[in-house]
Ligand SMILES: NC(=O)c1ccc[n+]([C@@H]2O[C@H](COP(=O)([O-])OP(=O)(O)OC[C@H]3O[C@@H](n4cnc5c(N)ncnc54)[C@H](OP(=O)(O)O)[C@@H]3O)[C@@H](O)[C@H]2O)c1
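The chain below stands alone and is given in structure tokens; this is the form predicted on its own.
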């Protein structure tokens, strides 16, 4: 397969690029970290530095592809808001990195996906979108937007036979989560995350979520009345 992975210089995106490359696929890893791009190139992965926040640059990059069988949009970031100081600049920054870059990437890669025989578009979201969580006002909102975007594209691209999957990981050990200053229950390795995602992609699952013990707990809690969850959330704040 011809595979394009954004956010390939760190975390889940990097591991997916390495693993797909090891399977013999033609992989393009996209990122901004030159040292990490060089490391990917040493694995035989095609690399390119693209500023996904720049729409024109992203569209020009996407036009270079004849066809893309699998596009995995993994670029993203995480920052937390510590109340009572609400930081609108932080909110805007996280929304741009997590949502706007995905929009640019989709617009850039759709023509190449349409030229593939069995195309598949995959967006990396987060299980944080299942529930409103303290401090995650920006990150959770961005991942909720990603979920809505990907789930809607699953409907609107269906007539073109383009499969669309949403990935909702729990806690995965990456340079991003290493910065967290709170407990991360059931955190898994990036290798485990890559295996789960690749299995889900092979099955062309609509939603790929893991680890199941953790994500099913969140899914169950999301069914609670909002008033009950608000009280639980307040206890989480008091206990922090």
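Positions refer to the first chain, counted from 1. Please read all numbers here as calculations on a predicted model, not as lab measurements.
Only in words, not in the display: the form predicted together with this ligand, which the text now covers.
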query	finding
Answer option from 149, 91, 110, 97, heavy atom within 4.5 Å of this ligand in the model of the complex	97
63, 67, 189, 33 - the one with a heavy atom within 4.5 Å of this ligand in the model of the complex	33
This ligand in the model of the complex: contacted by all of 29, 72 and 205, heavy atom 4.5 Å	no
Heavy atom of residue 56 within 4.5 Å of this ligand in the model of the complex	no
Close approach of residue 18 to this ligand in the model of the complex, 4.5 Å, heavy atom	no
This ligand contact in the model of the complex: residue 196, any heavy atom under 4.5 Å	no
Exercise: residue 201 in contact with this ligand in the model of the complex, heavy atom 4.5 Å	no
Stretch in contact, per heavy atom within 4.5 angstroms of this ligand in the model of the complex, of 81-89, 139-147, 113-121, 154-162	139-147
Heavy atom within 4.5 Å of this ligand in the model of the complex - qualifying residues of 175-192	175, 176, 177
